[in-house]
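To begin, one chain is listed below as structure tokens, in the form predicted alone.
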């Protein structure tokens, strides 16, 4: 994309975070450039969600530095931060009593003041978000009447309506059936490829990370143990060391990348 900034859009340097006396993140360093698609993988309890919440400033404190667009994260106002970062959390269980359209319109809050009304620009952003996620036919459905996959697309649409530069997602395909997993992942890849949206997504699905056409950050016990091209994590027993189990590499002529299967499943 033309006009990209020279420095990383998001840069984390030697960042550690403690909860009580327990170190959840330990010296994480990371650089994400505009237009990247970064998948964050690692075992349960590795610190993946904590890292995302620190980037979103849901969790504050820590040691080290997080910089966004070259500026320290701490100096952003909450409203300004929302114009840079949007967040789709994992498995929202309590659903607000809104239609999809009402919910997506709420995503415009960084662009509104308490007494302002929706403009044509706001309406266009909402319509575009519904279109990009295929949610136009569901605009007047209530969230609690949607399937898990449809609901996830609605949450992505609301995040898109913010028109933030970076979309952060915590396990966007968790609890979804295979069809809806495919649809959500296809939406994210299309958004990244066609609009240049920077995406950072936690996932337990190693194969979706491998097929993301992006990069992988692997975290184990709070430490960044791999960062680089997706395919590079298949070399030198990296996955085995991260997860503590062996993997088989599988290949299909239709795919550009090996897939993996834990040996214990055989």
Partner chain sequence: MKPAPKRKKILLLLVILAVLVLAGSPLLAPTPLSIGEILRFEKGGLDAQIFWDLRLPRVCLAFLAGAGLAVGGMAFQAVFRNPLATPFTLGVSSGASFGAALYVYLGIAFSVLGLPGVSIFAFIGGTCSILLVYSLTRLKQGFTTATLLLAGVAISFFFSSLILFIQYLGRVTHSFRILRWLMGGLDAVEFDSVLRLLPFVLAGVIALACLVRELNLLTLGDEIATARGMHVPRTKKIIFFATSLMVGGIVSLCGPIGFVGMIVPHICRLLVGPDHRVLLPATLLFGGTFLVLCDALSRSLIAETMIPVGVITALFGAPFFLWLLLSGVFSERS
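Residue numbers count along the first chain shown, from 1. These numbers were taken from a predicted model, which means no experiment stands behind them.
Not pictured, yet referred to below: the form predicted in complex with its partner chain.
- For the residues 97, 186, 124, 75, the 4.5 Å heavy atom test against its partner chain in the predicted bound form is passed only by 97.
- Only one of the listed residues (134, 196, 110, 149) places a non-hydrogen atom within 4.5 angstroms of its partner chain in the predicted bound form, and that residue is 110.
- Partner contacts here mean any heavy atom within 4.5 Å of its partner chain in the predicted bound form, and among 124-132, 173-181, 187-195, 157-165 they occur only in 157-165.
- Within this chain, residue 120 is remote from the site of its partner chain in the predicted bound form, having no heavy atom within 4.5 Å.
- Mapping the unseen interface onto this chain, residue 63 falls outside it, with no heavy atom inside 4.5 Å of its partner chain in the predicted bound form.
- Residue 31 falls outside the set of residues with a heavy atom inside 4.5 Å of its partner chain in the predicted bound form.
- Contact annotation: residue 225 falls outside 4.5 Å of its partner chain in the predicted bound form, judged by heavy atom distances.
- Contacts between 101-116 and its partner chain, taken as any heavy atom within 4.5 Å in the predicted bound form, involve 102, 103, 106, 107, 109, 110, 112, 113, 114, 115, 116.
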